[in-house]
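A lone chain, given as structure tokens: the form predicted alone.
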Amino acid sequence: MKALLTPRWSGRRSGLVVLTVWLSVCAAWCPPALGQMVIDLQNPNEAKLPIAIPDFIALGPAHTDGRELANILRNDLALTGLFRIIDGPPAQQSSADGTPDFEAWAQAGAQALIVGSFSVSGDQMTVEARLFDIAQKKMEFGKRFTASLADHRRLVHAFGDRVMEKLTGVPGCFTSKLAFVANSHPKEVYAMDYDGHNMRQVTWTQSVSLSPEWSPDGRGIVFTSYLGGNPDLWFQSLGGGQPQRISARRGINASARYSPAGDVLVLSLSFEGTPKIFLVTPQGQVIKRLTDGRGNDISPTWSPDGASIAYVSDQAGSPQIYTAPVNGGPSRRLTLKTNYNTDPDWSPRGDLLAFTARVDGRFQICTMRTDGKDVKVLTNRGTNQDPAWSPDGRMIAFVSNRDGKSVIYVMDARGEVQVPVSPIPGKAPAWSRSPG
């Protein structure tokens, strides 16, 4: 129960935008051909799609390496756990007229092919890429993106998002961002691209910051901080300026999460004594109390339809995960098999909850259906905590100390691919719900 009074705060979502995108859907577009390469996300036994991504070709002088651009895309697709990257191009990549040598790529084992080129003019870069179905020997779609040279990684991520949309029906999350709390003194909030690049400090409180959460528009972060001596809820704009206090009630004001519609916050407040789950406006006015009883209730997370929340309570004697309807009704306990379960996060697809469970004496990242069944343990090395779903529901960010330091990792939803991403030690990852 002490652990619940000083919980491991966790967080999620969002991003900030702005990229000038010029789209050209090529004349050879042929929707039926995509039927050969569609990835069935509902089939856990679906084989990974073999895809080749040769180095991008520079159309003129450029300081950027075409291999670097291709590696960004290779990394994006590999992290989803849905693709097998084909290493190395065949001796003859394309015919004399520039058409890919489909036979050579097929012999190399590829079923899909992405060919990219780029050019630089002043401080602007244009990246053009095309996706080909090798079996059909057809181009499925092509896009051209233009932005500042400093934004070159985002250009490639943007194309990867569209590849995912075409092959799965759901846009990718490669342009989204992660926020987290640095394991340092003071403990400040940082933000970075989902793959760890372009990290920047967001808060400057000179205090202890906890549990970041992206605003729905991606232009700010709410977080709990001891800036005023009490664990209050604050909002920090990514544009700078002083943080704004949202809730400063006696006791904890913690683990705030925006509703799917973005018009309500759910959080844990203890101004009435024992921490309970409340709904408040974005300005901090209490709407209503959601939980009751004798336990400490913390770490709420919304269902994607906004009808329910999941949260942690020790009302049964140890931290367990419960759900409760937002419009009233009894709570329901979901976790029954292990004696310590925390950090729930509801998948954007609505079908799963990710959470932290104590397994064989160590904390591990697990998933379960929203009725508490079909529990799967996704990690098994070191201590792993604070899961946060990506906005497309394909990946999970979490904290792991498996290599000696607690850093932010990203893995696919089945736990097959797990890689560290944060340049510095940190905790409480929060995934943006919109492009960065």
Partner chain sequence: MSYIGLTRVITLFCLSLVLAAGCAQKIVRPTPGPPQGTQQIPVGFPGQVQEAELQAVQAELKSVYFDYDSYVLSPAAQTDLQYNAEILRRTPNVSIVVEGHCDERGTSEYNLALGDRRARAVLNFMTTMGLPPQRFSAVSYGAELPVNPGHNEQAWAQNRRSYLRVSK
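Positions refer to the first chain, counted from 1. This one's a predicted model, so the numbers in the text were calculated from it and none came from an experiment.
The discussion below concerns the form predicted together with the partner chain, not included here.
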Is residue 140 part of the interface with the partner chain in the predicted complex - any heavy atom within 4.5 Å?
no
Against the partner chain in the predicted complex, would residue 385 count as a contact residue? Criterion: heavy atoms within 4.5 Å.
yes
Residue 274 versus the partner chain, in the predicted complex: is there a non-hydrogen atom within 4.5 Å?
yes
Residue-level question: is residue 122 within 4.5 Å of the partner chain in the predicted complex, judged on heavy atoms?
no
Tell me the stretch among 108-116, 143-151, 284-292, 314-322 that has any heavy atom within 4.5 angstroms of the partner chain in the predicted complex.
314-322
Considering 80, 203, 342, 176, which brings a non-hydrogen atom within 4.5 Å of the partner chain in the predicted complex?
342
If you check 169, 251, 306, 350 against the partner chain in the predicted complex, which one has a heavy atom within 4.5 Å?
251
Does the trio 187, 228 and 270 actually contact the partner chain in the predicted complex, every residue with a heavy atom within 4.5 Å?
yes
Within 356-394, the residues having any heavy atom within 4.5 Å of the partner chain in the predicted complex are 356, 358, 363, 385, 386
